[in-house]
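First comes one chain, alone, set out as structure tokens in the form predicted on its own.
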């Protein structure tokens, strides 16, 4: 068994992995890259219309697990996922599941802002167009405006929608990517370290946005910043060596962790 500083992770996770109003239920999930195990028998519920944060040292599996939730790991040839991940009690890894509409329902915002080499308008309009969600040109324009408003970007870009999205600042590009994600009306938004490349002012804007979006969307965020997790999330899950060590209400996990590994991490003894 893996160990760190002489402490072995428990076979059973500390904290309640189950919640009453789960949108996603994960049961006994294993992830391998070829013969290397990246996620080890992980079970966890994602609560509806709340922000759940995944924290832990680099390489602990938090981003790998996040990508399981909308099957982004399917794009990696050497990656295999076993176990059960249920969205509203339907197994998203079932053979009949089409990943295209699945990824519209479970959108993703990546660590590095990745606007398309298109105009600001076309970046946001792309999803509604390919998914056939726009009934007319005016409907599409309304969808783009609504998404940009929800992403807190409309007032900054409304007079230059025909200009390249790549010409925006880093923080604006990340909010553009969030607008692009929510333009297809997802139910869940996954965020993989969305602020790691941003300055403190841009980070604060994204964090405010996460709080606003959680009123409508279920959000899961991977963050290397414990302070960010404490600020934006309702529940926090601590990962270590591919295992879920502890999960619980964010305030409780940061003030009264129940496992020594969690305590050592949040107090800066390792990680």
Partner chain sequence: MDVRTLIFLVGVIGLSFYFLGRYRIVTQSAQAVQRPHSLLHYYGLYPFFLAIIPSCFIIAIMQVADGFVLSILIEQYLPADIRGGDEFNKTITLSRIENIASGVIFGSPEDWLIAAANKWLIWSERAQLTTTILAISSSILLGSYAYMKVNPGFRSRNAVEQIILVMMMFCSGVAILTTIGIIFSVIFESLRFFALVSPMEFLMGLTWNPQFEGAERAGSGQEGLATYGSVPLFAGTFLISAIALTVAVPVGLMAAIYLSEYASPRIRATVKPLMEILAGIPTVVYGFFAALTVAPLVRGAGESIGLTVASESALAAGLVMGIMIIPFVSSLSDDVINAVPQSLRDAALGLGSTRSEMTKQVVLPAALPGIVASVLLAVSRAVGETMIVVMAAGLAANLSANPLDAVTTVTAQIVTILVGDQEFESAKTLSAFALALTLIVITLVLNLIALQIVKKYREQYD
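Just so you know, these numbers come straight off a predicted model, no measurement behind them. Numbering follows the first chain given and starts at 1.
Another form, the form predicted in complex with its partner chain, is not on view; read the next lines as being about it.
Visitor: Each of 194, 251 and 255 within 4.5 Å of its partner chain in the model of the complex, by any heavy atom, yes or no?
Guide: The answer is no; none of 194, 251 and 255 reaches its partner chain.
Visitor: Only one of 149, 160, 131, 139 gets a heavy atom within 4.5 Å of its partner chain in the model of the complex. Which one?
Guide: That would be 131.
Visitor: Going by heavy atom distances of 4.5 angstroms or less, which of 198, 72, 87, 168 would be at the interface with its partner chain in the model of the complex?
Guide: Only one listed residue qualifies here, and that residue is 72.
Visitor: At 4.5 Å between heavy atoms, only one of the stretches 139 to 147, 152 to 160, 99 to 107, 79 to 87 reaches its partner chain in the model of the complex; which one is it?
Guide: Single hit among the candidates: 99 to 107.
Visitor: Taking its partner chain as it sits in the model of the complex, is residue 92 near enough to touch it, meaning that at least one heavy atom pair lies within 4.5 angstroms?
Guide: No, residue 92 stays farther than 4.5 Å from its partner chain in the model of the complex.
Visitor: Quick check on residue 243: any heavy atom within 4.5 Å of its partner chain in the model of the complex?
Guide: Answer no; every heavy atom of residue 243 is more than 4.5 Å from its partner chain in the model of the complex.
Visitor: Would you please decide whether residue 67 lies within 4.5 angstroms of its partner chain in the model of the complex, comparing each non-hydrogen atom pair?
Guide: Residue-level check for residue 67: yes, a contact with its partner chain.
Visitor: With a cut-off of 4.5 Å between heavy atoms, is residue 180 one of the residues that contacts its partner chain in the model of the complex?
Guide: Looking in the model of the complex, residue contacts with its partner chain include residue 180, since a heavy atom lies within 4.5 Å.
Visitor: Could you list the residues in 115 to 132 that come within 4.5 Å of its partner chain in the model of the complex, counting only heavy atoms and keeping sequence order?
Guide: Residues within 4.5 Å: 115, 116, 117, 118, 126, 130, 131.
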